[in-house]
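Here you get one chain, nothing else, as structure tokens; it is the form predicted alone.
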């Protein structure tokens, strides 16, 4: 994104509710904040506080009922479904709690999916996917079916897929929920190292206090309201050995398939899962 580009995220007096008539349930109430280019912002708060709904609006899947939301210079309320789909496909990367890798495809084929949807020629897509898999220390596993990868390896495939199009904005929904502490830290360090090269903006919804030190700012939601925005202390330094450490730690994980079907929690984000 050029340096003179608009603020990646601008949210002003955002409100969102579900239901009709007397059964309306407010989910987000008068939320206001901005996110700068390259900033890492974490959304935290108890279950039901509106974090996933907010992430869905930032991903142009849902539209606010009131207020203004601009994502990468686009007014979310003015986007038709095709425009929203193209914005997601060409400028956003997504990381999910259960990864949502495609069963039956190899690691490289999964990473190629966003490029294929963009119309990138197969040979170029495979080269780019191989570059990303090498960056996440999975070069030797690129031709393996994702069913045969460990949980930690599947997470790194998901990271590579999210980054393969060089997105301006990355949205992550509980990206470490399926990982132990060591793997969660390694995954976030790897994501920070890779996005530092591109200047991508990163928004993370998480309940995991172990990774909050990676944030530049933490926004706390409660009962649909924005309670605070804080800069965490003791943010970890970049560690070039992260990928190797993550590879070694994979042996501690079950080899069960991590490419699980969508859960109820992910229902709001279903339109993203096709990446188109």
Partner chain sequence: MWTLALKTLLEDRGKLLTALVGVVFAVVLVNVQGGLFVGLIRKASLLVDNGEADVWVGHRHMHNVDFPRDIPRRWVHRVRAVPGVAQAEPYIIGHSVMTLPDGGFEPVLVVGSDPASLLGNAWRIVEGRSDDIRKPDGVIIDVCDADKIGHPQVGDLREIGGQRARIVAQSEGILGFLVTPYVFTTLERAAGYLQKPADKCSYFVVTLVPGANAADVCRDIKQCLPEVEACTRDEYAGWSIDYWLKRTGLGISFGAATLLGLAVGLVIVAQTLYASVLDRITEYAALKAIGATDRQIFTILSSQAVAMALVGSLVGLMVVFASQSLMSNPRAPIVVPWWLSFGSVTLVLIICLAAAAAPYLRIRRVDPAMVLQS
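Residue numbers count along the first chain shown, from 1. Everything quoted here is computed from the prediction, not taken from an experiment.
As for the form predicted together with its partner chain, it is not shown, yet the points below apply to it.
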So in the predicted complex, does any heavy atom of residue 116 sit within 4.5 Å of its partner chain?
yes
Would you check, heavy atoms only and a 4.5 Å threshold, whether residue 156 touches its partner chain in the predicted complex?
no
I'd like to know whether residue 198 contacts its partner chain in the predicted complex, with contact meaning heavy atoms within 4.5 angstroms.
no
Give a yes/no on whether residue 139 approaches its partner chain to within 4.5 Å in the predicted complex, heavy atoms considered.
no
Three-residue site 61, 89 and 96 fully in contact with its partner chain in the predicted complex at 4.5 Å by heavy atom
yes
Would you point out which of 71 to 79, 189 to 197, 129 to 137, 98 to 106 contains residues with a non-hydrogen atom within 4.5 Å of its partner chain in the predicted complex?
98 to 106
Residues within stretch 33 to 57 having a non-hydrogen atom within 4.5 Å of its partner chain in the predicted complex
52, 53, 55, 56
